[in-house]
Structures are given as structure tokens and as C-alpha cells.
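Presented as C-alpha cells, the chain that follows is alone, the form predicted alone.
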């Protein structure tokens, strides 16, 4: 019989080399209902177990009964969409792989799809590059002849220019900046890196605020960091307390706000109040933190969910855990949100850099010159 009480969550930590390894163990032990709550560097006393502590939650059997069952039709539609996307990509990849001397040779499209871009976006960029080169060379020849005649470096440069033109970069913070994002996206680590880079290293006073009162000992990690950095720290247990702390901050102080990792359920509950508060305060620069390893469909869903906070820019973490930034690029193009900073590791503060267009796009065309070489010979 389902209960009417609040769901109870049992929290358990796993120590591993990466989040993926921890997820495999958690799924075996906790089952499919395991919830990823957070990830952080292991404390010194547990570092021999693994460099990364990944925290999962498991709802109790009683609370599970109170949750509505998933919609079968929704799950089936989502699975069908994934299959359609896979089929579309396969068909376009096959078309793009036509021999280079043929009339349908489209090497730019092929390389971008191989890098991980969606078929539709790769096709759009390929067409734009072709039209730009044709206009630049004032050639009326068919596509395959233009591809054969043009220097590979011109195709590469035109492709990069087209990629760069589709994204916006804004590596800056507001006087009051709040980081929001899904559980385990690396908000706390990113916030500490920003505190050092944009605050202490620029001789600017910094204060850290935690609005994360949902998780067990959630604010303890940030309190320890604040003590190490020697900066003021405060926990705000309500929106009114958060407003008071913000208003009391000294002039010229960089105020950085850490927020809880909000799942879809929390976004509709307590998270909705926090989102409404941020929308009312025009002086808060909200930045969305996402992991570069997130699958494209999940990243799109996360971006759509956190639109309620009206983020002005995005920060991407875990660049060191992926070989391609294609998913990142596709999502930035889709939502037209500027990118501010990139985190490519857990070392504080070194593994943080101001975002640049080149850092995001150059890896997408690494193999373009080698693909074009047979054409130019």
C-alpha cells in the first residue's frame, strides 16, 4: 500500500576512478532506481579507495510505492525517437561516404558527422561552406569540381569560420553569480575554481553562499573550501535568508552562490521557489553547469528544465572525460546560450579556462585535411 509521506532516500557513496565506473556498481547494488546525487574528490582518508567519491540515493520501498509509475507510452516514444535519430545519422553517413570523385561528395558533412554532430546540423554547415567557397572563388562549377579544385586549407578555414560563427562566448561573471545544474554536474568545484580565478587572483574580495540544504552535509564541502581559501561563507536555508545575505555583502565583493543539484522532481517542488526567486532578482547572474559527457538528448532536456532560472551563460565540466565536444557544440547552437568557462579536470584552480570558440570547434574538424587530401591530388 502506498504511503502519503515524503519519500525517504538512503544515501550511499561509491569510490571509483570515474563516474561511469561508480554508476555500474551502483546499478548492480541499488538497482535501476539509483539516483546520482553528487560527485566530488575523495577525502584524504578514503583516497586509497578511488580518487572520486560519487554519491547515490535510493528511495525506500515504501516511498517507491507512492511514486506514480512511468508512462509506458512516453518511454516507447522516447526509444522510438532515439532509433529514428540513429537511422537518420546512418543514412546521412552513408551518403557522405560516397567516393570523393562522385557528384555527391560532401567531405565536410562526413567529417562533422564522424565527429558526433547531428546529421541535420552537419548537412546545414556543409551546405553553408560550399556556398561560401563557391561565392569566394566565383565558380559556377558543380560541387564535386569545386571541392576538387579548392585548396584544402581554404575548406578547413571556411568550415572553422562557419562553426565559430554559430556559437557565442562570454567568459565573465556578474557581481552576484549563482551556479545551477543537475546533480553531479560539478557546480561546487567550478564555483571554487571561479572564486580563486576571478576573485582571489584578481585581489577581489569573495564570499561564498550555499543554498543547498537538500542533501546530507551538502554544504560541508563548500565550508571546508571557504576555510582553506580564507573567505567568508554562509548557508542560506531559505530564499529570504539568501536575499538578506546578498544585500549585506560588501560593495565590490564577488558573491558566488552554490545551489543544490536539482532533479526533475525537485525542480517542480522546492526548486521552483528558488527559480522564482532568481527570476525576481535581476542582479543575479545565473549560469548553468552541464557536463560535456552528457548524451545529447539528456543535455537538451536539462537545458530546457533549467530555463526556469533564466541562465545567461553556460559552464561545461569534465571535458577531460570525452574525446569530442560535438554534443556540447550542438546544444550551444540549439539554445543559443553563450559559453563562459570550461573545466577539464578536478584540480583546483588549474583545470578551469575561459571559453574560446577555437577550444570548442577545432576538435570537430581534426580529420578534415586528411579527408580532403585525396580530393586535391
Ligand SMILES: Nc1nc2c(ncn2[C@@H]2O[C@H](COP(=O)(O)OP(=O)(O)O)[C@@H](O)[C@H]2O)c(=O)[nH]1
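Numbering follows the first chain given and starts at 1. Remember, predicted model here, so these are calculated numbers, not experimental data.
From this point on, the text means the form predicted together with the named molecule, which you will not see here.
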Among 23 to 31, 40 to 48, 315 to 323, 329 to 337, the stretch whose residues bring a heavy atom within 4.5 Å of the named molecule in the predicted bound form is 315 to 323
Although the named molecule is absent from this view, report whether residue 106 comes within 4.5 Å of it in the predicted bound form, heavy atoms only.
no
| task | Check whether residue 110 has any heavy atom within 4.5 Å of a heavy atom of the named molecule in the predicted bound form, and answer yes or no. | result | no
Under a 4.5 Å heavy atom criterion, is residue 221 part of the interface with the named molecule in the predicted bound form?
yes
- Item | Close approach of residue 187 to the named molecule in the predicted bound form, 4.5 Å, heavy atom | yes
Picking from 152, 183, 232, 116, the single residue whose non-hydrogen atoms come within 4.5 angstroms of the named molecule in the predicted bound form is 183
Contact check, 336 to 351 vs the named molecule in the predicted bound form, heavy atom within 4.5 Å, ordered by sequence, gives 343, 344, 345, 346
